[in-house]
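Here we start with a single chain on its own, the form predicted alone, put down as structure tokens.
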Amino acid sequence: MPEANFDGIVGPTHNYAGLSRGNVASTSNQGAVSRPRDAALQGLAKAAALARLGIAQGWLPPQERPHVPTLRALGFAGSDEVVVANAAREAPHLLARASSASCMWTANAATVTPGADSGDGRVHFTVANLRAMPHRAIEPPQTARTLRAVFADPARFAVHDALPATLDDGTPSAFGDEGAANHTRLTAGDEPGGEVEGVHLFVFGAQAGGAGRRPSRYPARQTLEASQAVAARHGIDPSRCLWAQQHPAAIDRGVFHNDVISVGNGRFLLVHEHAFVDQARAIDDVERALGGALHVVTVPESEVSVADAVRTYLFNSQVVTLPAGGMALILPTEAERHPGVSRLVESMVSDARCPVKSAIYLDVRESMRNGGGPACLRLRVPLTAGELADVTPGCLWSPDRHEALVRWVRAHYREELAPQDLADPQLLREGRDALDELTRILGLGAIYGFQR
């Protein structure tokens, strides 16, 4: 079966605070008025489009925001409403961090290894620590609770807590981990599901000890040491692990994760010519590991610049294997409107040798304006049919659940959200009411702190 995609449901506090340094779209739209209802509906429509293609599709719920425990840990006291009000008055930048809906980008939730590749035959998840960005570093505890509720059978699934972000003395550890956005699993055929063995390409931005090249303008979020620790924890055979360094110059041009400049599926790899340090060696390593089966499309700077790749999120597309055979490329509409990108996609799809046979453009504008394309919105989980049957049923797509979620969004989400609206204590109450109902729709039980 094709691998499953678990999309993050956009939360009610979706806003443009511009918190993600190095993410050009996020910072360029800072302070703009967002449209949370549209954002959530666009995300649901994307998931529905893939489900109707026959792809196994699920959802992961948003986290509670504003996150009052974070504000309390920063010294604010009183009732929850008073905490929010005081933070808004005294430190609005801290309230913005505690209110971000960034967990919608579930490509950063965890790194996943299917049972065919793990040491014990179970599907392994390691929650990302996301230490590079303060607004995201608060996500891991809730992410772990959520994943354990969705993938609840310990005989089939192992959900590991995040790697330590700091040492005992508070200094940063060697383990900067941003999850699946820097991990690509490839297979010798078109089938990427959990039944077949795969090869794991881990991409890192820097080594923690300072060795090697580093970006100078923006942070390198993923460390080699974190990727190595995840691979070891999951029991992946070292011979099936490949390591490539993301090009520092690309990071400095806004390629904050590898999935902004490279995407792979099965035996197919779409990559920009400036994606990796020593790119020829990296691709040769993948080709050898796949026994010569790799079909790679390298995009030259002369056709699509790194800047245009970041602007259109060509590489932040999803490549999915269709049940009837062949692959489809799922792109944002921004890519369709760019002449160079659309020409490249048309040429690729029309090439008889290429596994990708169709391109589908979807509207995820609200996510794009905040720095995440179609691939950011989903966590790839290669499963067998038996494992899929053991996923919490309410978190799997069905027409009825889709319609229930659409009604839920329309009932609970604001049409617009301006930066000053984060100070509204009613927003906290609205969010909790929405999440309380959502856990009943998805059948997850009391996973949030306010419920417990």
Ligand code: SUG
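Numbering starts at 1 and runs along the sequence shown. What you see is a predicted model, and the numbers here were worked out from it, not measured in a lab.
From this point on, the text means the form predicted in complex with the named molecule, which you will not see here.
Undergrad: Have a look at 140-148, 327-335, 201-209, 107-115 and name the one stretch with heavy atoms inside 4.5 Å of the named molecule in the model of the complex.
TA: Result of the contact check: 107-115.
Undergrad: Since the partner isn't included here, can you check whether the named molecule sits close to all of D190, G193 and F268 in the model of the complex (heavy atom within 4.5 Å for each)?
TA: Not a single listed residue reaches the named molecule in the model of the complex, so no.
Undergrad: Can you work out which of R185, H257, H234, H272 has a heavy atom no more than 4.5 Å from the named molecule in the model of the complex?
TA: Selected residue: H257.
Undergrad: Find the only residue in N370, T312, T126, S227 having a heavy atom within 4.5 Å of the named molecule in the model of the complex.
TA: The residue from N370, T312, T126, S227 that makes the contact is N370.
Undergrad: Look up in the model of the complex whether L428 has a non-hydrogen atom within 4.5 angstroms of the named molecule, and give yes or no.
TA: Output for L428 is no: heavy atoms all beyond 4.5 Å of the named molecule.
Undergrad: Should V364 be classed as touching the named molecule in the model of the complex when contacts are defined as heavy atoms within 4.5 Å?
TA: So V364 does not count as contacting the named molecule.
Undergrad: Indicate whether L379 is a 4.5 Å heavy atom neighbour of the named molecule in the model of the complex.
TA: Heavy-atom contact with the named molecule at 4.5 Å: absent for L379.
Undergrad: Could you tell me if T223 has a non-hydrogen atom within 4.5 Å of the named molecule in the model of the complex?
TA: No.
Undergrad: Output the sequence-ordered list of residues from 164-199 with at least one heavy atom within 4.5 Å of the named molecule in the model of the complex.
TA: The stretch touches the partner through A181 alone.
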